[in-house]
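First, one chain by itself: the form predicted on its own, in structure tokens.
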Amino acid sequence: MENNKELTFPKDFLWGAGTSAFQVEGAYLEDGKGITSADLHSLQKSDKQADTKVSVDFYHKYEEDIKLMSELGLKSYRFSISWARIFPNGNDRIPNKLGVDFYDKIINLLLDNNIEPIVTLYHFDIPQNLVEMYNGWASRKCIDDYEAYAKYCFSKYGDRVKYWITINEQRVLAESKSLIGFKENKNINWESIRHQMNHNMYLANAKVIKLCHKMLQNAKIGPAISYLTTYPASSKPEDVFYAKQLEDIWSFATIDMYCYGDYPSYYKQYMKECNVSVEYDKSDSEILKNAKPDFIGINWYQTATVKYTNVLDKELNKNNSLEPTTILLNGKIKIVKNENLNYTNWGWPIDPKGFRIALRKIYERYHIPIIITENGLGAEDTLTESKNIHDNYRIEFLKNHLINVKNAIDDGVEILSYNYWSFIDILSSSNGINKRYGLVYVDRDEFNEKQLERIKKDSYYFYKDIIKSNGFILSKK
């Protein structure tokens, strides 16, 4: 690496950060909001960790938090609207005015501070009433209710919001019974129903993209996917093949559906092996193929190293991460430790180069712009007596990943925005408040909300300097 190498990003690059409604808002039943699947998922763990009742109370502290965003210099803020704050039951005829006004105030305040809103319509929190009525995404009725909700959001906020995310990480959702709001029924096969839920979300995504293009001709819209870069554990052909198979099924099959509107042949074969299928209406193919996203949102955190095993063991590890020895693809492979990488306390490998690989693969295959909707590090931060958080590990993570974002841009990848996950400490969907992602620390613990004081971490100041300079200078030590 050369001395004093300058990494300058495109002139209009949107430097951002993100959160989601259920992970920061709190006020879970306040001002008319309905309960959601994400609320119930959280409350089931309330004896072990913080829940959505208060979270970090963005609902009441949004003005303070947006001021911190402005001081940071953010150019974009990716956040989600809670469907149940607009339509408490999911399919109400009249929207909840207090909920509508809340997001109005957020969007207006962001724009007053020259921060571009990137709005996610659905981020893990389906209104629970729709689950009670017809098992949520298992029914095609959910497609219509989601489309009606999106239509209202476009009509209400579309004059100010240019960037929309349809659904966040639908593949992840379709594998989590509690987050997607699935009601157990001994007469329903979960493997079949989760594929049907996935299919219904593809249809919902397509319908809403087409609706947005009709209603908001100057807006851009796309889904956000969780992408997993995979490596073979060795040069054995079996390892190489199944590393590709995992990446195809977990990542590319989803983007193929979004961009091409049809299940790739290898995925059809995978469903056949799993003895599952999806119900197609005769109009589905036309709906799926006539809705092209304007960009793909990429949530990227880690890589996986794959070893062929063919052990018929579907056991997943307890915290739902890809820790070494996780067994996948019907027992054909396991995730093994990569000795070339460091790991977080939660068993996630830190691999900035894998990020560049992912960005290149996606762009080379689809030639569609990318918005990096999530990329961040969860860690157990320590608040000093002088109220500082010296998170050099997060600074190192951020620096190295941004180097690879810039390298990907130089490779020819069109990246519109980078949104660090997360702006502020959030309620982790699986690990509570102590797995901290934020650039801003929230002084609370799992069971004591304290004063919810906001404290800037060292990483906040590091990112602020990067945004101000539109990049940074690398110097060789």
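All residue numbers are counted from 1 along the displayed sequence. Just so we're clear, the structure is a prediction, and the values are computed from it rather than from any experiment.
The form predicted in complex with 6-O-phosphono-beta-D-glucopyranose is left out here; the points below concern that form.
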Residue contact check: D92 to 6-O-phosphono-beta-D-glucopyranose in the predicted complex, 4.5 Å heavy atom:
no
Considering only heavy atoms, tell me if Y231 and 6-O-phosphono-beta-D-glucopyranose come within 4.5 Å of each other in the predicted complex.
no
Within 4.5 Å, heavy atoms only: does N299 come near 6-O-phosphono-beta-D-glucopyranose in the predicted complex?
yes
Partner proximity in the predicted complex: R394 to 6-O-phosphono-beta-D-glucopyranose, non-hydrogen atom cutoff 4.5 Å
no
For the chain seen here without its partner, which of 334 to 342, 209 to 217, 101 to 109, 165 to 173 has a heavy atom within 4.5 Å of 6-O-phosphono-beta-D-glucopyranose in the predicted complex?
165 to 173
Of these, K61, K33, R444, K435, which has a heavy atom no more than 4.5 Å from 6-O-phosphono-beta-D-glucopyranose in the predicted complex?
K435
Interface check vs 6-O-phosphono-beta-D-glucopyranose in the predicted complex: of Y157, F182, F124, Y149, the one with a heavy atom inside 4.5 Å is F124
With 6-O-phosphono-beta-D-glucopyranose taken in the predicted complex, which residues across 15 to 47 come within 4.5 angstroms through any non-hydrogen atom?
Q23
